[in-house]
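The chain below stands alone, shown as structure tokens; this is the form predicted on its own.
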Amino acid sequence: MAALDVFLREQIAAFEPEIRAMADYCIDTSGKRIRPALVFLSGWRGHGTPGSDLIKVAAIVELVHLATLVHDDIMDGAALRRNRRTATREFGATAAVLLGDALFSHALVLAAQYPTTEVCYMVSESMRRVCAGEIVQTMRRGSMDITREDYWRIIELKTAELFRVSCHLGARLAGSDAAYVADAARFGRHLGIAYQIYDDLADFFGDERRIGKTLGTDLASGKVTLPLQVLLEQLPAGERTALTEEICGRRPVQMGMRLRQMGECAVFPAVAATVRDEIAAAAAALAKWPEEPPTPLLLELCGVLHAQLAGLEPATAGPRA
């Protein structure tokens, strides 16, 4: 990660002088760096340090991710990201959307530097799929026209795709067997789905100071995630109608009431069980590869997500302030 930080800082000079400070604002070192970690761990061969190819591809996926965060914060109207003002609050929405585009573009510049087209092809395809997921979600905002299958498809595209490609490229660049590369990618996909559902839970049950970003934006922006779907299924008809009107923007959001209802309807344990199922599916993808050096390291990430999920549970005792 130290080598990755150095490499990312070096990339700031590649941007035009007029926007270097803006790029520097986004390319900080305070994030969780889950996707680069997946690259490094999938590419671990049991000795030495990550080579320059792994460091570069880790930087590529992180730049793509940072670009999506810039765009997400614009669409969500978020004020806080990583415990500081979002790019859209710092520079304005118009400049921020173009800044996200610039980060995307530089990721492709780096991907094009590999001797084969495989990295550039996979990164470009993943960028398109991530954007497609965000577009579908955006088009469904403020609408009840979204099924469980639709929700799954959205998170598979917008989040799980970059987890998947991180694992694939890490294992591929390390020279792993093709079958292991495929299973590592499957691990990444399931872990990404689990992580997004966890993130959707955190939007309702998390602590904004601890998580470091604006929470409560999903309901406010009309984004129907799994916690809201479960709540809608449990509420009596009259309350379901009222919540539907809040989602569709026809009445003010009653966040305190909705959090209380989520507690009464056991929304947290129901959604948390789904997160655990996806974590189990991720672990199962690597079950036949216990001797491969990356396997135990990747499985540790399953434990990390289990711990993060458990850390949300105390917040279910009452509404978030």
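If you're wondering where the values come from, they're calculated on a predicted model, not measured in any experiment. Position 1 is the first residue in the sequence shown; the rest follow in order.
From this point on, the text means the form predicted together with another copy of the chain, which you will not see here.
- Which of these stretches, 200 to 208, 70 to 78, 182 to 190, 237 to 245, has heavy atoms within 4.5 Å of another copy of the chain in the predicted complex? The contacting stretch is 70 to 78.
- Task: Give a yes/no on whether F91 approaches another copy of the chain to within 4.5 Å in the predicted complex, heavy atoms considered.
- Result: Yes, F91 lies within 4.5 Å of another copy of the chain in the predicted complex.
- Message: Residue-level contact is defined here as any heavy atom of the residue lying within 4.5 Å of another copy of the chain in the predicted complex; does L299 satisfy this criterion?
- Response: Heavy-atom contact with another copy of the chain at 4.5 Å: absent for L299.
- Item | Exercise: L312 in contact with another copy of the chain in the predicted complex, heavy atom 4.5 Å | No, L312 sits far enough from another copy of the chain in the predicted complex that none of its heavy atoms falls within 4.5 Å.
- Message: Does any part of R85 reach within 4.5 Å of another copy of the chain in the predicted complex? Heavy atoms only, please.
- Response: Answer no; every heavy atom of R85 is more than 4.5 Å from another copy of the chain in the predicted complex.
- Message: I need to confirm a contact call. Of L226, A220, A132, L232, which residue comes within 4.5 Å of another copy of the chain in the predicted complex, counting heavy atoms only?
- Response: It is A132 that has a heavy atom within 4.5 Å of the partner.
- Message: Suppose contact means any heavy atom within 4.5 Å; which members of 1 to 18 contact another copy of the chain in the predicted complex?
- Response: Those in contact are A14, F15, E16, P17, E18.
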